[in-house]
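Coming up is one lone chain in structure tokens, specifically the form predicted alone.
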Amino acid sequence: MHPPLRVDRSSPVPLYFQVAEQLEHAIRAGVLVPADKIANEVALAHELGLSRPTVRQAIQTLVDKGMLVRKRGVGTQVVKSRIRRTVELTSLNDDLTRAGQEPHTVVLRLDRAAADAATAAELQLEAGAPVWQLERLRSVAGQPLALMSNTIPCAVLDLESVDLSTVGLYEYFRRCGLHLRVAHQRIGACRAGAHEAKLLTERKGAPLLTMQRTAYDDGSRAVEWGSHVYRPDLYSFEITLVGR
């Protein structure tokens, strides 16, 4: 349960914010850790002598920040911090490893196929050209984080000889002497279909982050087209903006 909380009614700081700030500090300090439960609204309101709407607003503030989650039949719990990814030409596997995380990958599909018109256009190929179609589910700390679909021209490299459950795709590119130099990337959002919802343990229709990327090597050849979806409660993109 949460550490002792106090409110100062003489302070100009709103009461809900005082409660939220103390809980946030406890989470950031490690006093409250992922999966720890917070007292329900009724108990917390009684403990602090506050109204339920005030307590509800405090909890909602931290839910909106991605620090707490409400689960039916379980209560309010501390969640794992989001994976924050800067927008640069790196792979998710590289970013997670660099952040000290231990990613777990399941290869759901790896097939040779003929590129359809849309895929061929993304990869600057003739329609019908042979491509690898790769789908993987990546998790961190037992939580599914991302569903990743990648298409790579067969002329670029052979994927049959590598275990992509233990080796990142970009890591394998580097091993094969393939150097990525530039990429065109689109970030957006979508609603989870049945397939995504099942694999990412989300409800159907839940919002998901999306990223689509076409990457080019140092010879300006399109070598990979990726279409990924991420759980927004565990993942975010960060962009630094500089004024001119």
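We number the residues from 1 along the sequence you see. In this text, rigid core is short for the largest set of C-alphas that superpose within 1.5 Å between two forms. Computed from a predicted model, the values in this text were never measured in an experiment.
Keep in mind that the form predicted in complex with the DNA is missing from the display, and what follows is about it.
Here the chain stands by itself, but in the predicted complex one stretch of 194-202, 35-43, 208-216, 22-30, 35-43, has heavy atoms within 4.5 Å of the DNA. Each of Arg9, Gly49 and Arg56 places at least one heavy atom within 4.5 Å of the DNA in the predicted complex. Taking the partner from elsewhere, Gly75 is found to have a heavy atom lying within 4.5 Å of the DNA in the predicted complex.
The closest non-hydrogen atom of Lys71 lies within 4.5 Å of the DNA in the predicted complex. Contact between Pro232 and the DNA in the predicted complex is not found at the 4.5 Å heavy atom cutoff. Contact annotation: Val223 falls outside 4.5 Å of the DNA in the predicted complex, judged by heavy atom distances. Remark: with the core as the superposition reference, the CA shift of Leu234 between the shown form and the other one stays below 2 Å. Annotation for Arg175: C-alpha shift under 2 angstroms between the shown form and the other one, rigid core superposed. Core-aligned CA deviation for Ala117 between the shown form and the other one: less than 2 Å.
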